[in-house]
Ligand code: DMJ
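As a starting point, one isolated chain is supplied in C-alpha cells, in the form predicted alone.
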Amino acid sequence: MRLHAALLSLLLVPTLAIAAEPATKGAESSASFSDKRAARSAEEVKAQFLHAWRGYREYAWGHDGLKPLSNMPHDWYGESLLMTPVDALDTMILMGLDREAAEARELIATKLSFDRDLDVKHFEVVIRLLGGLLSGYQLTGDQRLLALANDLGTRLLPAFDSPTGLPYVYVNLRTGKAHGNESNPAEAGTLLLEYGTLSKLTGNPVFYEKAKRALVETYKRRSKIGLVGERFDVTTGEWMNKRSHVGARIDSYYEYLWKCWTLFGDEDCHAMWKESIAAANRYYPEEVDGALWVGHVDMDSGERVASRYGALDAFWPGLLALSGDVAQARRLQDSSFAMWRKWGIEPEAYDYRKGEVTSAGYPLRPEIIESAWYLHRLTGDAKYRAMGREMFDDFVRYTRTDSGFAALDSVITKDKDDDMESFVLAETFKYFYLLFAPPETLDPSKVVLTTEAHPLRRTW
C-alpha cells in the first residue's frame, strides 16, 4: 500500500537471487508467452479476484465467507472470525488493490475479537488467521494486526498441553480447553512458520518453542525407514494409520521442514528435512507409462499400497523445485497437468495406474498453480505461464458464479457446490497473479510463503 511503501519494499524485492535454468527451446521458449501477454493475464486475474471480493463485500461483509450460489454469508463456528478478510488481505496488497486492502484492514482492526467461547480447529486458525495477521502486519506496519496476532497466539497455546507435546485438534478461544486426539503430521507440523514469526516479532520465545517441539515430536515418530504415517493419537503418540504419502494429512509437514530452515536458519529443521526427503524420494515415486508420480506406501515397509495422487499432492513439484530438485519437479508437474487436462480441471484424487477419478470434487485448490509459479520463477521457462493460463481459463469457465467462484462437486459433471473457501482468495488467486506478474512482485528466494500463501520475511 502506498502509505507503507518502505515497509512493503521489505517484501517486494527487485531481483531473482536464485540462479535460473535456461528456458527450453521452441514452443516452450519465453517468446511463446510474452511479458505483454503475461501482464494482460495478471490484470485478468486481478479482475476475477475483485469479482469474488465484491461478491463477498456485497453479500457476506463481516462474516467468515460467502456461499457463492445462494449469496448467503457463512460463519465457521456460528460467530464470525473474519476468515475471508484476514486470509485475503495480503493478496490485495500484493495486487496493489489499496482501497480494498485498507477497507479490509480497518474491518479487521476494529471488529475482530478472539474473546469468544468457541472451540476452533487449531491448525486451520493458525494457517489462515494467525498467518494472515502476521503477513498483514509485515506488509503494512499496522501494530493493531500484530496485537491481534499476539492475542490469538496466546489463546491457542493450550492446544499444545498434551502428554506428548503434539497439539490437540481443537481449542476453546476463551477457556483454553483443548480436545481432539486423532491428528496427523500436517496439523502438528505445519505451525512453526506462524508461531515462530510471532515469537520473533514479539520477543516471546514460547510460541517458537511449543511449535518446534510439535514438529520434532512428529519427526521422532517416523519409522525406521524415515517415513511418517497418516494419523496418530495426540495423547499416546501412537500411529492410528500407517499409510505414508505427500497428500492430505501429511503434505505440509514436509513443506515446513524446508521452509522453517530457510526462514529461521534452524539447523534442526534442515537436518530433519534432509533425512525426510531422502526417504520420500526413495519410496514415494513411481514410473507409469513413462510418467512420474508419487503414490502411497506403508510407512514401515515402504511397500506400495495405492497409486493415488490428487490436487493436494500437486504442491510437491513446487517444494522439490524450491529445495533444488528441479528435474524431478518438472516431471511431476507434467503429470499434475496431465491429470488437470483429462477433465479440464483437477480432481481431488486420481488413480494414476487405472486413469480413474477416485474423489471427483474440486474445492478450488491452489497447489498445482503454486508449483507452476515456483517452476517458472526458478527456471525462467514460459511453459509454466502457458500452463497457468490454460488452468486459469478452465478455472473461470467452470467455477465462476454471479457473485464469486464455487467449488465443484464433480470435475466430471462440473456440478457446483455452494462453497468458496477463504483460501481461494489467499492462495489460488495469489498464485495465479504471481505467475503472471513481474518478477519483482515477490521473490521466493527472499520471502517465505506459508502453506496458506501468507508471505513472511525475516525482518528481525
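From 1 onward, residues are counted along the sequence shown. Everything quoted here is computed from the prediction, not taken from an experiment.
Same protein, other form: the form predicted in complex with the named molecule, not shown, and the subject of what follows.
Note that among 217-225, 298-306, 193-201, 121-129, the stretch whose heavy atoms approach the named molecule to within 4.5 Å in the model of the complex is 121-129. Contact between residue 144 and the named molecule in the model of the complex is not found at the 4.5 Å heavy atom cutoff. The closest heavy atom approach of residue 212 to the named molecule in the model of the complex falls outside 4.5 Å. Interface membership of residue 367, defined by any non-hydrogen atom within 4.5 Å of the named molecule in the model of the complex, is confirmed. Although the partner is absent from this view, residue 109 stays clear of the named molecule in the model of the complex, with no non-hydrogen atom inside 4.5 angstroms. Contact with the named molecule in the model of the complex, judged by any heavy atom within 4.5 Å, is made by just one of 178, 277, 312, 97: 312.
A heavy atom within 4.5 Å of the named molecule in the model of the complex is found for one listed residue only; from 138, 184, 333, 252, this is 252. Contacts between stretch 440-454 and the named molecule, counted in the model of the complex as any heavy atom lying within 4.5 Å, involve 451, 452, listed in sequence order.
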